[in-house]
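Quick setup: one chain, the form predicted alone, written in structure tokens, and binding and motion questions come after.
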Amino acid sequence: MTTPSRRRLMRDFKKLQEDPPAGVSGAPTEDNILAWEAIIFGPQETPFEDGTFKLSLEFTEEYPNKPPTVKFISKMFHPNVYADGSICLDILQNRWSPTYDVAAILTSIQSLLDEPNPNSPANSLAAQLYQENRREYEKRVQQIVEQSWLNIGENEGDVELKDDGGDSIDEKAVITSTSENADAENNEGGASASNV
């Protein structure tokens, strides 16, 4: 059944394929256009550089009038990311607009990595270190960047994602890997992406 939200999500996906923003990629799972998986590469010349972070996006039939639920699947240490991976970002809450699409959501989250708002902390330790001990903060971030390489290797099987400066990401590899993960999760009796 095609609904306005599903048609919009197909347009978002087509736009991501035809004109992908630098350093982000996303695709719906094979059997559900309302459930997406995405990858964000850490912005260059930031503590997150070289990180490869996985996210899940859950849309409802109210999209684009209501924002999706977006979470980091990869471990994250950031002032605006909760322990469960949920993201404290104004455009995902009170400043949402139907003009935002998946590409805008992902690029906003990528920008948030290097431009946190420590005055609205989701992780008080990360916010405190960001403000008071930047060296320790960057050390912790480096640990999750290194962990992101291990997790991508484990979760993606043989698929190798490369970031050659953020200009091109192998969309087919991301789509293939997200489909395989969705199949694996469905075969495990509906294990949620946050448990991966």
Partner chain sequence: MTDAENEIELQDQQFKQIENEQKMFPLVADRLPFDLVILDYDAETSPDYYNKAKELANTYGEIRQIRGDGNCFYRAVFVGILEVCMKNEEKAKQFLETCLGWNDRLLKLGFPDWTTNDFCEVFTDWFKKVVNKETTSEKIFDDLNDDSQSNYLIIFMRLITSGYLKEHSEDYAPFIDDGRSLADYCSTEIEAMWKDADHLGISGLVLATGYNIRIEYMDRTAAPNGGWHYDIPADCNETPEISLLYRPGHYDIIYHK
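Positions refer to the first chain, counted from 1. None of the values given here were measured: they were computed from a predicted structure.
Keep in mind the form predicted together with its partner chain is missing from the figure; the text below concerns it.
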Among Glu146, Glu45, Glu132, Glu62, which has any heavy atom within 4.5 Å of its partner chain in the predicted bound form?
-> Glu62
Look up in the predicted bound form whether Asn119 has a non-hydrogen atom within 4.5 angstroms of its partner chain, and give yes or no.
-> no
May I ask you to check whether Asp101 falls inside a 4.5 Å heavy atom distance of its partner chain in the predicted bound form?
-> yes
So in the predicted bound form, does any heavy atom of Lys139 sit within 4.5 Å of its partner chain?
-> no
Please run the contact check for Ser111 against its partner chain in the predicted bound form: heavy atoms, 4.5 angstroms, yes or no?
-> no
Interface residues of 3 to 35 toward its partner chain, as seen in the predicted bound form [heavy atoms, 4.5 Å] = Thr3, Pro4, Ser5, Arg7, Arg8, Arg11, Asp12, Lys15
